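For reference, the chain that follows is the form predicted on its own, supplied as structure tokens.
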Amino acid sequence: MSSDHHHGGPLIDCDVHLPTPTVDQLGPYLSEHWREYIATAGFKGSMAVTSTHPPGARSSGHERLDGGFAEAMRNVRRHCLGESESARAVVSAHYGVETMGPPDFSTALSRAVNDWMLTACRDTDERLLASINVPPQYPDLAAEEIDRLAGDDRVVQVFVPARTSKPYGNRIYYPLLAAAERNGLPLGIHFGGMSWNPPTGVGWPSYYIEEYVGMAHVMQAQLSSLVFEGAFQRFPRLRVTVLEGGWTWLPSLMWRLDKEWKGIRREVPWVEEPPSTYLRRHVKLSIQPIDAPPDGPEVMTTIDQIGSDDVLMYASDFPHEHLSDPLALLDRLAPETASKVAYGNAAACYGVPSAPEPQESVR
């Protein structure tokens, strides 16, 4: 995949997945105590990736990370960065620390995965930026991990899974939200998670496809919680990104939130502006997957209904495969809007320098 579309501008790919590190790869970043603990317990590593993206599912794209770590990183560079010096890719390595009961163990694994990932970024390509793992079930410990790494220039985002025991607007998460805000890091709510709760509001589905499609409902619930529980009032500089959860549902969600807020706002008097205003101000969404016909008028109508050019960010979602081409969507947008979606919105969100002036197309 080229890192320059036909407008000639570079890309910031805000959702790229690294191969899940093995226990052996994490060993150098764990203390002797935790290496012994893992060996004694027979811990073989997280099941987070295979649980969220079963190997047999076409959307999972596991084979694109096969062939060893070095080959996987070459694929990341080739598909997500190309030759553009201005290109950037925000990488993550979900390790499922949200499933781990012992708080010290989940924290130790978070630290190890993050240190491993930062080393991988440094050794692979200076254009790779990191989205760090934290244990959201322990917000105080998550805040400590954010504070530990926030000074590293490669750290641009806090990774948390969409599925949780309580939605992120709940006040139990205030230490986590406060740490993200004071360190200037967006909270990246990403597809998946292993919270032990059903992935739907009406219980456990029978098939993976139900869970996969239903993740959009989980994302909507998270945004509703952040607005109505007052997170954006309490943390006015908090930024949130919604990653791999779709986005064409946003206009209808904003319409419904605004409508109900007008009718029953006395329950949440701290929400002083229409919910859609908070979402446009504080939230950005990755454009992959595109849950609409990519070449029909519907997707353009949806973009117009969002009501802002500042909300969407380019993403390939590498290595996951979808039946939509995010570059083709960029090519349909007006040049100024395409530039924002391709680079400008993510640059503002992640604190990346402005892109140089567009050059002659290389696509």
Partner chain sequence: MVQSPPETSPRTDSRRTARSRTGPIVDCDMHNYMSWTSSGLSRGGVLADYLPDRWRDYYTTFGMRTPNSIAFFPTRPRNMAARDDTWPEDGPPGSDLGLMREQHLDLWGISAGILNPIDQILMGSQFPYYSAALTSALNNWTLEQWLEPEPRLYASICVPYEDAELAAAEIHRLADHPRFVQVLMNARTREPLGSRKYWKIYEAAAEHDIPLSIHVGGAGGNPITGAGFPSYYIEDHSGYPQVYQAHVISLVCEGVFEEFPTLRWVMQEGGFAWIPWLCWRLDRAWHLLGTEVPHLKELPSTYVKRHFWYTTQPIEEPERPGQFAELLGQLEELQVVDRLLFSTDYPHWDFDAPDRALPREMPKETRHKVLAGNAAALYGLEIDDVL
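Since the structure is predicted, the reported quantities are computational estimates derived from the model, not experimental observations. Positions refer to the first chain, counted from 1.
Below, we refer to the form predicted in complex with the partner chain, which is not included among the displayed structures.
The partner chain is not drawn, but in the model of the complex it has no heavy atom within 4.5 Å of E126.
Shown alone here, A72 lies farther than 4.5 Å from the partner chain in the model of the complex, counting heavy atoms only. In the model of the complex, the partner chain lies within 4.5 Å of some heavy atom of H217. Contact between L323 and the partner chain in the model of the complex is found at the 4.5 Å heavy atom cutoff. Taken together, W261, S276 and R280 are fully in contact with the partner chain in the model of the complex: each brings a heavy atom within 4.5 Å. Segments offered: 146-154, 84-92, 200-208, 231-239. Contacting the partner chain in the model of the complex at heavy atom distances within 4.5 Å is 200-208.
Contact with the partner chain in the model of the complex, judged by any heavy atom within 4.5 Å, is made by just one of T99, N170, T107, N183: N170. Residues from 84-98 do not approach the partner chain in the model of the complex: none has a non-hydrogen atom within 4.5 Å of it.
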